[in-house]
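Both blocks below hold the same protein chain, though in two forms, and each is given as structure tokens: structure 1 and structure 2.
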Structure 1
């Protein structure tokens, strides 16, 4: 079950990378690089900042093959389905949720030095959402995650990470915590898309 979800998470993230790269009319090289960056950027940043070696996509190499395959196949398609972005809402919510909770769990279980729940929650958000941020920066856009036009995304991730981290310490066990956190994020994210929930812009 978790394996299938992880695969879905990587697939959804890679598809968003593909969409971004094609909207910028990059070539095959650009599509591959941006797809890798969006799919693996958040987790790689977490691993580098927490000094975890090897990186998750070096340890689980099949992820790298899958993303590479999506990028190549996705470059060769003459056109992407028009509604791809809308179809991706649910898999993306699932993927972002799973990446966030796994990221927070990896951070809180760091063995070489203590990481507090507060910092672990930030690492969870980073794992779940920073692939897209790095992709936007590489494609010369202000990251959509930072902008008020974006429906709630990092906020859903952060709340779910706290649900996971707080339940983890109770007698309910790690599985209940993991699934509660994941479901919280998915429901919040789908609600944000459905009712177009956003944070207001700040002013200079």
Structure 2
């Protein structure tokens, strides 16, 4: 099930990366680079820190071909209307949620060394958010994750990861835990966007 979720995460994140690159009017190379960064950035950092070899998108080469196809096909589409930017939140929330749960699941099951649930939740947040950070940097923007006006983002990922980690050991089973965590993150993220929910800013 984790691998199925990982594929869905790659598709959602690649779609977000494509829309992000198109909204910046990048050329073909730029679209491909941003799409790859968003789709694979978080999972690559997770695998490097957990010393997992090969990297997940090298082990499953078809991921790279799928993302490449999405980037090429998306580059050939007519110019997208600017109002499409408001729909970036949907694939972003879905990709972030799926990658967060996959990241937490991979971390808690790693055979290299034991990882506590707390560290697994952090690996989940890292996996779910770092690709978007790289995409924003590549587009010459301050990463939205770090902007003081940003609505709840990493917090949604962290809460959803804990929902998954707490439920996976219950009688509900791992599949219910996976989907419960994913749905929690998506709903929290969309609610944060809808009602402008954010953490209080720190004071100097």
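Only the largest set of C-alpha atoms that superpose within 1.5 Å between the two forms is called the rigid core. Positions refer to the first chain, counted from 1. Since we're looking at a predicted model, the values are computed, not measured.
Asker: Two forms of the same chain here; which is the form predicted on its own?
Answerer: It is structure 2; that copy is the form predicted on its own.
Asker: For residue 177, is the CA shift between structures 1 and 2 at least 2 Å following rigid-core superposition?
Answerer: The answer is no; the displacement is under 2 Å.
Asker: Once you line up the core, how about residue 134: does its CA shift reach 2 Å between structures 1 and 2?
Answerer: Yes, residue 134 moves 2 Å or more.
Asker: Honestly, after the rigid core fit, is residue 55 moving at least 2 Å at Cα between structures 1 and 2?
Answerer: It does not reach a 2 Å shift.
Asker: Given the rigid core as reference frame, how large is the C-alpha shift of residue 64 between structures 1 and 2? Answer in angstrom.
Answerer: Between its two positions, the C-alpha of residue 64 lies 2.4 Å apart after core fitting.
Asker: Core-aligned, what does the C-alpha of residue 16 shift between structures 1 and 2, expressed in angstrom?
Answerer: Here the C-alpha difference is 4.8 Å.
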